[in-house]
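Heads up, the chain below is alone and in the form predicted on its own; it's given as structure tokens.
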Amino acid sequence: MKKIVSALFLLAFQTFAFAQEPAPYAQITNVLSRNTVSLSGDWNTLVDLYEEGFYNYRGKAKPLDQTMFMDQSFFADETRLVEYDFDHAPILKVPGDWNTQRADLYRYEGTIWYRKSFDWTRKEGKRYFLYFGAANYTSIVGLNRQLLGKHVGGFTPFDFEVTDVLKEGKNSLVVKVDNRRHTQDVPTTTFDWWNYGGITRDVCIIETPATFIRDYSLSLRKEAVPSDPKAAKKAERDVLKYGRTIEGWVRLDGAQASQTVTVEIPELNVRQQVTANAEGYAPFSFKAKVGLWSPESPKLYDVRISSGDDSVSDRIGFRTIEARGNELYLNGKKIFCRGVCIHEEKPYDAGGRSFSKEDARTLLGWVKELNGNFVRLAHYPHNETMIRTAEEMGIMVWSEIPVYWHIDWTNPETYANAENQLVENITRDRNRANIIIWSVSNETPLGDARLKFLSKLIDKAHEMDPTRLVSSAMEKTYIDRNTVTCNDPLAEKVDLMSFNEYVGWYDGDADKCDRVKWVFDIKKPVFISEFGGGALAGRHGDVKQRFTEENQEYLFQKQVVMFSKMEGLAGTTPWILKDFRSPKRFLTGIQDDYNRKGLISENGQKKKAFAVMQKWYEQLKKEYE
């Protein structure tokens, strides 16, 4: 079996004393359709502030048999010196962050050891993979006193093959999770959201045949739009007559990788068969008269892919997205992205990392109530349930990796980490029709090293997925006192002129919006990826009084008027849907560890600014639909 070893993984393990650690495999996609056994629920945990379970008192990594991966029990034999015992350790729920489950862990950053005991019965001819939806931030995984591997990054999935490690009967899974921040990390040491630690998404064991479908892709072929009107009309007629070209590939994993693959879309009467090559790769293409996915009609087709003893099912939509000059087109129709930014926090005051479909439906239901058709999922990949629920509800998505503020631009390991998170994000979600933008960064300072770093990420995103737009949340620049633009050299690389602007909050007061004029040298769709200001829900006062609902409402009213004069504006995502936790917010009695720029409070109370955006988006909805 071919093992795919990432440079990031090898670099990460160079400092460990463990011998012959197995490398991880490429990600298994669409886990929701697989035969799985859940390991979510109650896990025993030990808080290890000084990492006693991993390092000796001289700061060196211990041999494996002296670490907590051995899952020894003091109470099983009290004649031996064992200074921990998972069986009697406190419980934390998985999935879930540790910060909101226990008051003493509210601000904790460091290592917590997780242990899950479970029984297992093996089946002959099957392979098994241990899958984590995400764990923040650095995870080292051991099963039955054997080290499986390490994953770096808090928001993307990873898995390890455990076919030969699972035991008949009782098994012990131990995971060391460390959410401490470092200068070389992605994100780095400072960011404006809560650093929730823990195993924050589902954990399961995937069962597959000996040769199985690891990954696949289906999308509409990206076709150039003819500039000649007659040629364009002929192309439209050909689509009506012959349909559109769906293309993609399937990748098999196993000793018998060169076998027949069948792709079926029953509603379209499609049954396509191809044979994979020796490496298990099977490309295909075919014509079909498909109904296109859109916010107004979020059409999804049941798709079944089978090969040998394995099959996976998915619901996939087909659409086109393109930038023409300074306009944005979905399925050939000009659109305006009526959006809002969202952090991955639960809708109400219990807070913490969101992961359930109920949470997704509540958050996205507010977006629909806002008359929105788009969300920017900031500032990292959100859970797969959020993406799929948005797809079902007809909401387009901007998906982002956490290259945020100041990154170690010259460090090769930092770049490898960022690219790995981008690859894992695109790999998981490339079949979701509602994702129209991959974003590689947010508010990063100008410089040659940064430009090189981000340009490589943009090229990687385009290489992996030429069917979508790639962008970055850049920043505005003043030409003179009242003339503003975005002159980031990265604008030449991205598909959108997207940037954050806080005129009226960090930049003057709300009345300044009346004086500002926007000009752009590059003709690309303009996208305001952040704007807004803070207000404590229920705090009222004069329109000039900061942190009142009236001040936030007034600011949004001024912003909307300013936007109406902006040439090429194709989308806006105010910051942010709801108030969220941040350790950078100190104003007692107003902020109290919350960023208050939400249109909705942490308790679900809509602020006055919500109605301003709701009304404007209703007008835009009528104009564009």
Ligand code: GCU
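Small disclaimer: the values here were computed from a predicted structure and weren't measured. Numbers follow the displayed sequence, beginning with 1.
Absent from the display: the form predicted together with ligand GCU. The rest refers to it.
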{"query": "In the model of the complex, Tyr594 touching ligand GCU (heavy atom, 4.5 Å)", "finding": "no"}
{"query": "Heavy atom of Asn442 within 4.5 Å of ligand GCU in the model of the complex", "finding": "yes"}
{"query": "Partner contact for Asn500 in the model of the complex: ligand GCU, 4.5 angstroms, heavy atom", "finding": "yes"}
{"query": "Partner proximity in the model of the complex: Tyr506 to ligand GCU, non-hydrogen atom cutoff 4.5 Å", "finding": "yes"}
{"query": "Residue among Phe547, Phe74, Trp405, Phe520 with a heavy atom within 4.5 Å of ligand GCU in the model of the complex", "finding": "Trp405"}
{"query": "Answer option from Lys524, His379, Arg214, Arg319, heavy atom within 4.5 Å of ligand GCU in the model of the complex", "finding": "His379"}
{"query": "Options 36-44, 59-67, 579-587, 555-563; stretch whose heavy atom lies within 4.5 Å of ligand GCU in the model of the complex", "finding": "579-587"}
{"query": "In the model of the complex: members of 513-536 within 4.5 Å of ligand GCU, any heavy atom", "finding": "Glu530"}
